[in-house]
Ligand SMILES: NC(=O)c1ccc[n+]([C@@H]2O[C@H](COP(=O)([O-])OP(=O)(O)OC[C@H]3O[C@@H](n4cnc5c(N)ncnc54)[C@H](OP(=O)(O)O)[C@@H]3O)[C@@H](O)[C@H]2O)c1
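A single chain comes next, written as structure tokens; it is the form predicted alone.
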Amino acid sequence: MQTIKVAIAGFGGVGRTTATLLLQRRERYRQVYGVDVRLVAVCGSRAGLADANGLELSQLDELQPTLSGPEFISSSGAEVLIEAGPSDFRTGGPGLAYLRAALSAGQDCIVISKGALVHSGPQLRELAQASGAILKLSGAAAAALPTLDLLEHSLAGCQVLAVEGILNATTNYLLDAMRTQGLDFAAALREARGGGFAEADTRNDTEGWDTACKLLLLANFGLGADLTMDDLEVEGIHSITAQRIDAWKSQGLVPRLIGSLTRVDGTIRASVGIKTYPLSDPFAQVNGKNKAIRISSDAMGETIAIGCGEEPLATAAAALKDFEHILLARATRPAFMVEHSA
């Protein structure tokens, strides 16, 4: 039975959940794909753990200081890297260094944090193409919501004309709370934080940057564009008042923070901002922490997906969906390519 060695860089809540789920699914990987999957290394920013024979669940709380960084992951012998560290799209770090090293060495990579992909996506794609590595990013592109899958698989062969997405759960929850409970933005935010639905610093969410990051990934990795943040118009929800919510409500309209892609004369344009929808529109029914995507194509018309999952499990599951795609791809690779990447 072939052995596949996996490493995880970034060991916060998502990284730990991914490691746990990976180890719980080892028997599935044996039965379905005929491979023995071993988690050979994990690390955070200051500590890590490695075992060439594979780590077990009972060891994951025993990280050792200084075992961290791209060289540590490289020395583990892992063939697949799951990058789950903090996300900073302005610098790409800390995941960018891990991904550059792994892709250059021909390691297949599954990316959960968006920062490196937004900051240096074209370069990372080139590194993957040059080394023959697979680069997957479902966890970064709206997690449990099947966004890239629809573009790459379900609509294969079609020309995508437009994409609309409710891509951020926090802002959708806030707008819903304002509309259904009559709260202003500050009160809705306090409620969300009190209920554990929003982080202490929600600026990336509420200012529209998280949606913008996911939109860039859909454009660049799903539609073959080459956009940067400078190409986007980005508006958040800070300016939305209770009075505006009431006015929309009186007109039978529901506001959503939307990431939009449109194809105009062969060029893809992107923007993030508030759009309103009548109650008859499916997007008006995407409540609470749910997310949604609507894709219009030339031959298949309109496709809509709506999804939500408990975090961090949903994001971990999205990353391991990518892992199963990699297992399928590795099974059909020529033998010399598998040996080169190992």
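Sequential numbering from 1, following the sequence displayed. This is a predicted model, so every value here is computed, not measured.
The same protein has a further form, the form predicted in complex with the ligand, not shown here; the description that follows concerns it.
- Contact with the ligand in the predicted complex, defined as any heavy atom within 4.5 Å, is confined among 172-180, 158-166, 248-256, 109-117 to 109-117.
- Put simply, E311 is close to the ligand in the predicted complex: some heavy atom of it is within 4.5 Å.
- The ligand in the predicted complex is approached by R46, whose closest heavy atom lies within 4.5 angstroms of it.
- The ligand is not shown here, but in the predicted complex it comes within 4.5 Å of a heavy atom of S68.
- Contact annotation: I82 falls outside 4.5 Å of the ligand in the predicted complex, judged by heavy atom distances.
- With the partner omitted from this view, the residue of P122, G77, P86, G132 that lies near the ligand in the predicted complex is P86 [heavy atom within 4.5 Å].
- In this stretch, 132-148, the one residue having a heavy atom within 4.5 Å of the ligand in the predicted complex is G139; the partner itself is omitted from this view.
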